[in-house]
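In the block that follows, a single chain appears as structure tokens, in the form predicted on its own.
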Amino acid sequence: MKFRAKIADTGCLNHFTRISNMIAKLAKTCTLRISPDKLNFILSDKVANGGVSMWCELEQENFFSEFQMEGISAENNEIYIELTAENLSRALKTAQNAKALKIKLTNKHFPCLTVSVDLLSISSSSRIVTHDIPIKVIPRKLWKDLQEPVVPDFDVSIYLPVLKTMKSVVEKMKNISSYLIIEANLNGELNLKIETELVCVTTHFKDLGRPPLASGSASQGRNPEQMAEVRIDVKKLLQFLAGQQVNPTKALCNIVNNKIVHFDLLHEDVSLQYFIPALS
């Protein structure tokens, strides 16, 4: 089992750092899946995560100038490791204005993901800062719990409003209630709603548009004005929104009535799927 990779382009390095910061805001610990052509950051829907799950995917060729890996075997050419997301994010913060960044799997009394940052120095000599991030190698028998989540057949799919706006609304709502109802219809209307014994507050977004319907989807034949809704933990939604530092290229919200809300984001060439289950 081997892995080593290098980022030599400043733009790629900054983009990779932004992704790492986003993951650190979304998950305390996560799984990093390394395969010959992709990297995935995964949070599986364990009860410990409150049922939240995440699947972030990036094509390695868009980031790395060098990329070599050997999985646990020829037929299972993948590596799954568990790490503290904040540790990776911290290590990459030292890589601002760096000449290059190298990442590799090492064993220093314990398994590590070693991040080496080649910094520019005033003299022509280079200065290398190394971070050893402790990891846990995940055995093959547990991989089945870490596969890409199946996107359920949703009732409503709608484009999201500007995430910054949405975040400021949800931040205010969090002070009033721990729960939030997110509802949307096929007419491009989305409402964020909180209800308590004393007050009911709703923020309306209109004309958001929706993606074309897939043939055979549950949305076909649905009354465009009929709302699909899901009641979720307001903190989980806020955590998701706080992780989005850059407005994505595409941002979709898919709702399965009273079951789950699925956010599907595209940041240039990085896709992020985030699932929040409904509260009973």
Partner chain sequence: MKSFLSVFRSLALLEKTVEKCYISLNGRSSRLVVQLHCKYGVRKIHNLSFQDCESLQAVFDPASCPHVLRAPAKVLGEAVLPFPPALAEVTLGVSHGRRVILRSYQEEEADSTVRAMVTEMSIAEEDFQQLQAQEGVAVTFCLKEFRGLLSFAESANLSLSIHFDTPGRPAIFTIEDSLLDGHFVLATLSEPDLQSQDLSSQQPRQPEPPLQAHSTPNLDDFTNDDIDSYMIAMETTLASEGSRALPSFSISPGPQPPCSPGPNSEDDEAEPSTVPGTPPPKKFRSLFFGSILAPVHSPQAPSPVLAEDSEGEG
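Every value quoted in this text rests on a predicted model; they were computed, and no experiment measured them. Positions refer to the first chain, counted from 1.
Form predicted in complex with its partner chain: not shown, discussed below.
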Would its partner chain be touched by all three of P149, K172 and V256 in the predicted complex, meaning a heavy atom each within 4.5 Å?
no
Might G188 be said to contact its partner chain in the predicted complex, defining contact as any heavy atom within 4.5 Å?
no
Is H204 near its partner chain? Define near as a heavy atom within 4.5 Å, in the predicted complex.
no
Is K141 one of the residues lying within 4.5 Å of its partner chain in the predicted complex, judged by heavy atom distances?
yes
Hey, in the predicted complex, is A98 touching its partner chain, heavy atoms inside 4.5 Å?
no
Heavy atoms within 4.5 Å of its partner chain in the predicted complex: which stretch in 204-212, 179-187, 130-138, 155-163 meets that?
130-138
Pick out the residues of 85-120 whose heavy atoms come within 4.5 Å of its partner chain in the predicted complex.
N87, R90, A91, T94, K102, K104, L105, T106, N107, K108, H109, F110, P111, T114, S116, L119
